[in-house]
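Below sits a lone chain in structure tokens, taken as the form predicted alone.
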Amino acid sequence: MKNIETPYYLIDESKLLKNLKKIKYLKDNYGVKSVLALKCFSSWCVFDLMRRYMDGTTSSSLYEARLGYEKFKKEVHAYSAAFSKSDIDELKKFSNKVIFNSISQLKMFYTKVRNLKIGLRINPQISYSDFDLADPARKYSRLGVKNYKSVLDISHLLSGVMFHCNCENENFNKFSSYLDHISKTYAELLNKLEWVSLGGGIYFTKDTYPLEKFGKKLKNFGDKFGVQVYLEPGETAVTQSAYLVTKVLDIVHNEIDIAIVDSSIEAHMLDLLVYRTQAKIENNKNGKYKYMIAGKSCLAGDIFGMYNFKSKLKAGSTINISDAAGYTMVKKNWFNGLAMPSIVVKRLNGSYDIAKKFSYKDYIQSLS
């Protein structure tokens, strides 16, 4: 959009809808409910659309839970690696389910939330993750309870449990084996429960994913134990639905051509830097013009990646970085005092809304 100042995140509702329809398909055909993982995507400017297809939100903090309650206005699942007393005092006012990470916390706060649906995160000591940083089954993991006997001892306090063991898992066979393991290992517990959350990180909205087989697998699991199955899609719900739109400010040469854009991977797509993965730019792999695309911050490693283009870049050229919805807007920061990208939405009717613009006032108010 020529009249919108770069950089900005552009959320395309028509592309978002493609994912949401698959989420709704699982509910309509197999009874599977889905709650949006706010840790991945919290841009409530598109919640009016998302709530038509999803059942609520799941959170990792008090603020996320409150956001889900106020802006999504459906089910609120509240989880945290550890709650404070003040967290619980607030959460119990607007949460439907409170999921504890440990038995000690469950016992500590049980009397305060006993009128809610109480859950516990279980660590089955298996997982699917290509990154140790995101692996809940890593050595010394603090995420979830490992001791099965201790869980059975307090099972009368629970209405459900949560298993979150996947990260970008697009392999149905691996998911199927993981679910079979849970079914076999935790059968005694599962037969006592009302609901089970299988967490997020399952890439079932990918075009090649066997969605029907996935749905049947989940329905069979739910029917076998008489439980409501929940999924917690985050990136799966918003994948390929947004861009980070940037503009080339300068091109410098140091053995290779380097295009410096008016954005920063450190400030605006931090997750890529954390996991050392390259940004996705739609370009021609066979293009004869090769550039390193780099951010404008002072960080030497502020680099989006190496790309080929059909034509030469110049100052003023626009570069769209794709798949910029998950773990972007929730992680944006004021590093270097760089201008924070606006959030723009392309609505289903084709119109564009500038949902949020940031200014120096926002920057100065984030500090003291």
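Keep in mind that this is a model prediction, so the values were computed, not measured. All residue numbers are counted from 1 along the displayed sequence.
As for the form predicted together with a small molecule, it is not shown, yet the points below apply to it.
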Contact flag, Y327 vs the small molecule in the model of the complex, heavy atom cut 4.5 Å
yes
Tell me, yes or no, whether M54 is in contact with the small molecule in the model of the complex, where a contact means a heavy atom of each within 4.5 Å.
no
Would H164 show up as a contact with the small molecule in the model of the complex if we use heavy atoms at 4.5 Å?
yes
Can you work out whether K332 and the small molecule are in contact in the model of the complex, taking contact to mean some heavy atom pair no more than 4.5 Å apart?
no
Heavy atoms within 4.5 Å of the small molecule in the model of the complex: which stretch among 220-228, 174-182, 156-164, 255-263?
156-164
Contacting member of G144, G119, G234, G295, with respect to the small molecule in the model of the complex [4.5 Å, heavy atom]
G234
To verify the annotation, which of these, L26, C40, M340, I319, has a non-hydrogen atom within 4.5 Å of the small molecule in the model of the complex?
C40
